[in-house]
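One chain comes next, on its own, written as structure tokens: the form predicted on its own.
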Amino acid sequence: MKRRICAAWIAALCGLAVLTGCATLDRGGQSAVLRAKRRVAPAIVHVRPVKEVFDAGRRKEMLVMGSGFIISRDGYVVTNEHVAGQSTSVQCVLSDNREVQARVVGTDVETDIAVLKLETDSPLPSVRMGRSDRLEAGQSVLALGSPHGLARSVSLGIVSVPDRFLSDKSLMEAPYYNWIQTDAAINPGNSGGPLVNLRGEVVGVNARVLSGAENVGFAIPVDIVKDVVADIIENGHVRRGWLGIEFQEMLAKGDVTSEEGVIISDVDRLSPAAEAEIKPGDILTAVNGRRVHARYEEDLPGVRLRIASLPVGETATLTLLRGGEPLEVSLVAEEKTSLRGSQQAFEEWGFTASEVTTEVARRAQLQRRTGILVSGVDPGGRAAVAGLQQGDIVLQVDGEEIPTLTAFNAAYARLRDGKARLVMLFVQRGALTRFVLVNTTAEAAPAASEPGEDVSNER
């Protein structure tokens, strides 16, 4: 009798485990996953851009693969900047296997977002955008896209951390947001695809994986994405305010508990903040009367976003503490320039160059943004023979000031077409300046390999 009772209890417990475990997953959880997938899958796009790549002083084209998703019936697509940025052409494969050309509407390097426009007149399925500020650790999410080029793939996981801060040293810098960390499998080719909640709403854009880790992926919060996408569609780029100040968290001063604000750690000497005599060590406590506070590193993106949101050309008021004394400073926000300047190849001379951005000018301690930055030198080219090096800043050509890449291109074309034999470049290398004499008729050494087309997967 006792044995029969024990057997009955064991059977009942096993049945309860089935009802509360696997049965719940099958009937409730699996149904929710399928509904969410079916709601989003028709709007998933397999993205195949041909990217312009500059390497070792030469230009070549590279075919890459990534993912994206349609956000409007007229064909706007969101993907990553590292997928579609610097593309010469973009082909997209829709969920019904149609191949459609797309143009790049605009990109934003600092948030790693790009917007494409599909060249089609027929209405298209689109996703529903959710909110990322409501995400919680443990919440189920789906990652959709084309891992390793395998289109229409879906992986299931949870939000591991909704607001993961990653330091600049991790090579996953995100100045204006913290990452959504998930264990839903994200692989090369998933980049640009959506992270989706079980209501079928996009809550993030898949962008990164942690090298060497198993299923540790990161997505850009959709709350940031929505604002960036709206700016790109309206203006072709994101316009941000810039004051020329860098920040550190309050704990950098020690374990303080009473002080609020954020430490100003550096001031660009060519910036509005420098003109307003803001100094490293000042503590910023408010922007236009709104309090700011960054006790920890993960609080810094919110402070940077507050500064970036300042209207360009309008006066802003900063409330500071200097030596414990309050201080108000008024200054006009400038437009933040791109972190990455456009590049160009100068094949006859054997080097590539890019614009001098504000960051480059600051690091080179230039008095103003001027010249061009040598981004690569062909080892067998005439520029290399003359002694030009990667990282040099060309300031003059034959005594003529070169303020921009456009100005250098004009001078280069004129000298090339005029068959000038010797050209004198005046360059800055580190803290020193020097002259580099280029013999445009010198025999160039044969390159190790000709530029060709590479095929690779982008994350």
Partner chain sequence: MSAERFRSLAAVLLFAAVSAGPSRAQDDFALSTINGAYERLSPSLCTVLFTQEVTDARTGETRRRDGSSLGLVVRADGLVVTHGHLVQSNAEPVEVRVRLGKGAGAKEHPARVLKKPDDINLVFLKVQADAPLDLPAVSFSKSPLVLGEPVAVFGLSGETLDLEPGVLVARVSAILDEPRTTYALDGNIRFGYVTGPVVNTRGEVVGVVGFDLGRAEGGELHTRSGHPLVYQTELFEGHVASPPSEDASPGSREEAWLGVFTQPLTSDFAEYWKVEDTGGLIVSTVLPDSPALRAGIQSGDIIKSFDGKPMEARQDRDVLAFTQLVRDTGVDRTVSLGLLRAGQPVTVEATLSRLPATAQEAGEYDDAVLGLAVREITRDVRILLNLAEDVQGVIVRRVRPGSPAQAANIRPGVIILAVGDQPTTTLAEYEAALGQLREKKPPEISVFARVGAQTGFFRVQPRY
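This is a predicted model, so every value here is computed, not measured. Residue numbers count along the first chain shown, from 1.
One more form of this protein, predicted together with its partner chain, exists but is not displayed; see below.
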{"property": "Contact at Q248, P280 and F426 by its partner chain in the predicted bound form, all three, heavy atom at most 4.5 Å", "result": "yes"}
{"property": "Location of its partner chain contact in the predicted bound form, chosen stretch of 225 to 233, 185 to 193, 355 to 363, 73 to 81 [non-hydrogen atom, 4.5 Å]", "result": "355 to 363"}
{"property": "Selected contact from T406, Q390, T433, Q30, since only one has a non-hydrogen atom within 4.5 angstroms of its partner chain in the predicted bound form", "result": "T433"}
{"property": "Among the candidates V154, I264, I307, L124, the residue which, in the predicted bound form, approaches its partner chain to within 4.5 Å (heavy atoms)", "result": "I264"}
{"property": "R164, heavy atom within 4.5 angstroms of its partner chain in the predicted bound form", "result": "no"}
{"property": "In the predicted bound form, A252 touching its partner chain (heavy atom, 4.5 Å)", "result": "yes"}
{"property": "Residue contact check: R269 to its partner chain in the predicted bound form, 4.5 Å heavy atom", "result": "yes"}
{"property": "is_contact(L422, its partner chain) in the predicted bound form, heavy atom dist at most 4.5 Å", "result": "yes"}
{"property": "Any residue of 379 to 398 that, in the predicted bound form, places a heavy atom within 4.5 Å of its partner chain", "result": "D398"}
